[in-house]
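A single chain, nothing else alongside it, follows as structure tokens in the form predicted on its own.
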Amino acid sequence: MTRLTGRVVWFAGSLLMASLIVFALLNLLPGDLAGVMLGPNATPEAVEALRGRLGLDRPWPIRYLEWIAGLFSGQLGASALTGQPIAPMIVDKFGVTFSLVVFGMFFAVAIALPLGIHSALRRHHADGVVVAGISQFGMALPVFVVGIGLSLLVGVRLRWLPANGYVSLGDSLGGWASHLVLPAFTLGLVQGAVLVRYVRSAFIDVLNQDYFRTARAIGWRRWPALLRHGLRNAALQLVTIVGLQFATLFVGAIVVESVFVLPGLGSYLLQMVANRDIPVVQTIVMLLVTLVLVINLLVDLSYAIIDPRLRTGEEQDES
């Protein structure tokens, strides 16, 4: 079995297991959605009628298979509370969250790469130790604390950027960008503090390799030698960490959207959890799980592109 086939099989199996867990956790918990929707004064007949309309009176294996079939066909069903189709609502709000996560990762990498390399090169000097210490402190800060602080400072006191709210891309490109900068920078600042530690560790490993010492011995300066000979060798570790952090950014986006009042998927998920709209919640959670698994699959498949030795080793195993 090739590496590609093995990873695809692993991805499919993980997706199936995740769907079972998500469905079981949300549908087999105590409580009755129909009773919650109608309130404590509802008659048993009314509750039973609503259960039939929502399909809750059918066995859970049938409901699970219908849900999975709907996910594969793109028919995500309707909200239990409003009766509106789920797909358009998710697509609209996913665009907000995806934009936030992409810009957040851009800021995280822009912060972590130069600071991490600098901290590795200057690890025996005061400035390198300070950078490492600041990143450690940044890792301990909750993202909502950073968001509230930046909102008050930059948005309320200095008024450089909007403190909250959202403008769609179709209405105004400038308004859309200005409303995303502050929440994306909040997300990127916290994740950048985490990435600095990994970048520093990866490049310290490079500095201890013979090929880097050879490059220095023949006259290369430290930064050019590190970027020319070390970046590719450190990329394998960095791609893994960036991929994993990109997945976790979707979780952090839930908090950031609440702080900056963004109409994204995270804030919508919290609202549906409070309303106990099970069809919407399970679909959003499954979407997030799928995104995490897809990102992990792409990271794993990128190894052979970054490091051809892995591809060569695979070919030797097959022969």
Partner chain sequence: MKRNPTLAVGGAMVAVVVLLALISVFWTPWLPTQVSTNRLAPPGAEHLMGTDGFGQDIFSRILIGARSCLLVGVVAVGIGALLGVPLGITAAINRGWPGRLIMRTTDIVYAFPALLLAILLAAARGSGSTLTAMVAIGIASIPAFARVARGAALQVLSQDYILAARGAGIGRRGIAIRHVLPNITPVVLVQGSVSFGLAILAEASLSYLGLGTPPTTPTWGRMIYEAQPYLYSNLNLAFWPGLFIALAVLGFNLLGDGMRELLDPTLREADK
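Numbering follows the first chain given and starts at 1. Keep in mind that what you see is a predicted model, and the values were worked out from it rather than measured.
Omitted here: the form predicted in complex with its partner chain. The next part is about that form.
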{"property": "Joint contact, 18, 124 and 197 to its partner chain in the predicted bound form, by non-hydrogen atom at 4.5 Å", "result": "yes"}
{"property": "Contact assignment for its partner chain in the predicted bound form, among 160, 98, 106, 144, heavy atom within 4.5 Å", "result": "144"}
{"property": "4.5 angstroms heavy atom contact with its partner chain in the predicted bound form for residue 139", "result": "yes"}
{"property": "is_contact(residue 239, its partner chain) in the predicted bound form, heavy atom dist at most 4.5 Å", "result": "no"}
{"property": "Residue 276: touches its partner chain in the predicted bound form, heavy atom cutoff 4.5 angstroms", "result": "yes"}
{"property": "Contact flag, residue 14 vs its partner chain in the predicted bound form, heavy atom cut 4.5 Å", "result": "yes"}
{"property": "Its partner chain in the predicted bound form: contacting segment from 85-93, 144-152, 107-115, 175-183, heavy atom within 4.5 Å", "result": "144-152"}
{"property": "Partner contacts in the predicted bound form for 266-292 (non-hydrogen atom within 4.5 angstroms of its partner chain)", "result": "269, 270, 273, 276, 278, 281, 285, 288, 289, 292"}
